[in-house]
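Shown here is one chain on its own, the form predicted alone, set out as structure tokens.
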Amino acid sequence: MTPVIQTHNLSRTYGRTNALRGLNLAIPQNSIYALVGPNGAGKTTIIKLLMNILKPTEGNADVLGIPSTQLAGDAFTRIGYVSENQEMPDWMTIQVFLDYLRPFYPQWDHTALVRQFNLPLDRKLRHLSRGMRMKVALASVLAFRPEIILLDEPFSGLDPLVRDELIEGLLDRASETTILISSHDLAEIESFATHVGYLQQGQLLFSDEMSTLSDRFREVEITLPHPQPLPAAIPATWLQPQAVGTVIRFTHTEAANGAASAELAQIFPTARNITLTPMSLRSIFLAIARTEAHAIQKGREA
């Protein structure tokens, strides 16, 4: 199946700053793809490139089979976009705003969304809380049933109840649309995303189905009969290895096939106990981020 979003060596620079470097990404149809990473990693840049708000410095992207640099007019009746700081005409009431948008979209219907999000139609946009503004913004996208929805940090600064309502609204449409969402809310993302990509300093470190990622990563703890140093040649699949007394701990990045336990037993034949514990999405990303930060620091010191 052809991906609905695909990039080839997509890059973007701002002066001497590489905001995005050689991104190769494929997002399958009807997936909920979470793009995560620290501030400044390039998540917003990617979404703006896909929306043709920015032009790439190198490479290209296709959205629904259309080059992103050619997106215009009718193409945006198939693509929804909500940003963290969504701009809306504050002088309008919610009712006037939704009625204003209706003629632009042939499949527009906001009636059920008004009830679902409990929108006060007579209230002006300037008087809404951040949570209510995000509800209105999302309703204005869901109302025309786009084939793709791009969401840039939609949950930032929202209380848990509002986040749950927004997620429920997205999941109601998940069978008929593809969703790309950038977010720092790892716990929320883990609860509903089908795919995840980790961005670090403008580079995509990995892109996996959520289930595959959960199977791959394990926290490893090995208990030995006496203190023992780490192996001289540490496998690349071990992140943050440390030996403390008789215990060795690290994150294993390729533990999915069941061979990890046998591998570890061979490396540590005297081990009294070897445990491999599943990891949360947050724990996985912290392990990756700390490893990358340590590598960068070593590079600077070299």
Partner chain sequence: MNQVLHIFKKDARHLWPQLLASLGFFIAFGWVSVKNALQTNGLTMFIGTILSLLVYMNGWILTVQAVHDESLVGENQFWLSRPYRWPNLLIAKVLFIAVFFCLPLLLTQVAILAGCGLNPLASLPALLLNMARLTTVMLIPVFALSVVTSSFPRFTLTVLAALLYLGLLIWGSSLLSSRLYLNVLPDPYSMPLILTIFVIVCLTAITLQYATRSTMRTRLTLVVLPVCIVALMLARPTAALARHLYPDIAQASQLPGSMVFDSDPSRQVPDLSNGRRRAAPNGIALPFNFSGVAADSIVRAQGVQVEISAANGLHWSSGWQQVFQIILPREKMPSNIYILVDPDFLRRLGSTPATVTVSLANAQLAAGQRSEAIAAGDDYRLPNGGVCAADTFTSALRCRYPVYTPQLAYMTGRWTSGPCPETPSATPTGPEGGVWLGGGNSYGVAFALSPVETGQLQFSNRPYGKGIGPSFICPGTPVSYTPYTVVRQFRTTQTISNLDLTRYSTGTVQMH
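Numbering follows the first chain given and starts at 1. Computed from a predicted structure; not experimentally measured. The term rigid core refers to the maximal set of C-alpha atoms that superpose within 1.5 Å between the two forms.
Although not depicted, the form predicted in complex with its partner chain is the subject of the following passage.
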Work out which of the listed stretches, 196-204, 94-102, 211-219, 167-175, brings a heavy atom within 4.5 angstroms of its partner chain in the predicted bound form. 94-102
Which residue among Leu239, Val36, Ile274, Leu54 has a heavy atom within 4.5 angstroms of its partner chain in the predicted bound form? Leu54
Can you work out which of Gln107, Ser129, Thr111, Asn85 has a heavy atom no more than 4.5 Å from its partner chain in the predicted bound form? Asn85
Proximity of Gln116 to its partner chain in the predicted bound form, heavy atoms at 4.5 Å: no
Heavy atom of Thr77 within 4.5 Å of its partner chain in the predicted bound form: yes
Taking 4.5 angstroms as the cut-off for heavy atoms, does Lys48 touch its partner chain in the predicted bound form? yes
Does Gly157 make contact with its partner chain in the predicted bound form, using a 4.5 Å heavy atom cut-off? no
All three of Gly40, Phe285 and Ile288 touching its partner chain in the predicted bound form at 4.5 Å, heavy atom to heavy atom? no
Go through 141-156 residue by residue and record those having a heavy atom within 4.5 Å of its partner chain in the predicted bound form; state none if no residue qualifies. Val141, Phe144
Taking the rigid core as the frame, does Asp122 move its C-alpha by 2 Å or more between the shown form and the other one? yes
